[in-house]
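This document starts with one chain, in the form predicted on its own, laid out as structure tokens.
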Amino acid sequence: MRQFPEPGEKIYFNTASIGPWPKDSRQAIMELIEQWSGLTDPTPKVFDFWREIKAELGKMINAHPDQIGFAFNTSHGLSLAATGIDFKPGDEIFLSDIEFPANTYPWTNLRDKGVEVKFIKSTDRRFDIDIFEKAITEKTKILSISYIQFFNGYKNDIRKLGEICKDRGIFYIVDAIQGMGNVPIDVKSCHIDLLASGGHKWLLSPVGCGFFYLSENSKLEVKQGFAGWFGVDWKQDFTNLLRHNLEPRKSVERLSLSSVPYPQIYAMHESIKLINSLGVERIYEHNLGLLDRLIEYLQDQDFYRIASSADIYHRSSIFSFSCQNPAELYKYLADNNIIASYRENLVRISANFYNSRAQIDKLIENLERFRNRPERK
């Protein structure tokens, strides 16, 4: 079954911005609309469905379903820790100075509480583990970092960072949105305390849905920074709701805000099943193979400048490069039906499993034409 429409002349290399929805995901939303429009009460099936999707997410990151909760986006998942951890004046939170804003503002918002938010200086626009390790003090409480750097695709060594945080007792948080569904990740072997991701990029899901993972052995307790009625243990008994002294759940459900965006979550369920059926490892290998072809071309001439790491250990499904006039190149590609991104003065190509070698070759043809334009002669 073909999951995506025929692209026609348009080539989409922009999953790192927003991912297309598979056919089954679009169909799931329509079926839900039909069901609810038919005055059918979906409540009896909701909790079984939630368990199913948490199981699929658990497969993707090697976590138990009970350690996974739903979020509206990445910032929501990160904010669960920002609002739920007991901070004291002088506590230190470390971030990268090239971090995406979704993973900065939940933390800088804590400065009013006397929390010290410190940005680790990057080296060559990449997170420097040595600088981070030397900066740690007895007051360092949290490290929050992206798995994949958004503008150049640099894959941080989250396993090594996890080992450092484990040894030093630092609560370790990973913003995984640019890696989920396209680069393998194991929360246990990486010693991650909390992971958060929106679903609208590589998880190929609608805007407004995502998830978080919280380790059952996390170094700090994450309390209910804000609470909903699903956050207490009312035994799913809809006939006895006038109970106002229930205790918070022990599982991550204590952080739940009750009703979730059902249509988006239904779509995400189908998208994640598709990704798991293909296998994240296979998807990653496919994407690296496509970008290998692009790298071969870019390395052969001096008009373009590669901005992403060539080290296989730090490569992802995102590859960025530049030239003397990258904004003009970005527009040129768009005018020729090649959809990329323009980030931090770089042209960003994000390849996924629905892209092909022929599409990479078409991209290279356009890059060659741009390089050899008559006006440059």
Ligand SMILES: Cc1ncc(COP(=O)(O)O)c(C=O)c1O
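Since we're looking at a predicted model, the values are computed, not measured. Quick note: we count residues from 1 along the sequence shown, nothing fancier.
This protein has a second form, the form predicted together with this ligand, left out of what is shown; the following refers to that one.
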So which of N287, N152, S256, S146 gets a non-hydrogen atom within 4.5 Å of this ligand in the predicted bound form? S146
In the predicted bound form, which of the listed residues (I93, I177, V174, M268) lies with a heavy atom within 4.5 Å of this ligand? I177
Heavy atoms within 4.5 Å of this ligand in the predicted bound form: which of the stretches 126-134, 226-234, 163-171, 200-208 has them? 200-208
Decide whether S75 counts as a contact residue for this ligand in the predicted bound form under a heavy atom distance cut-off of 4.5 Å. yes
A102, heavy atom within 4.5 angstroms of this ligand in the predicted bound form: yes
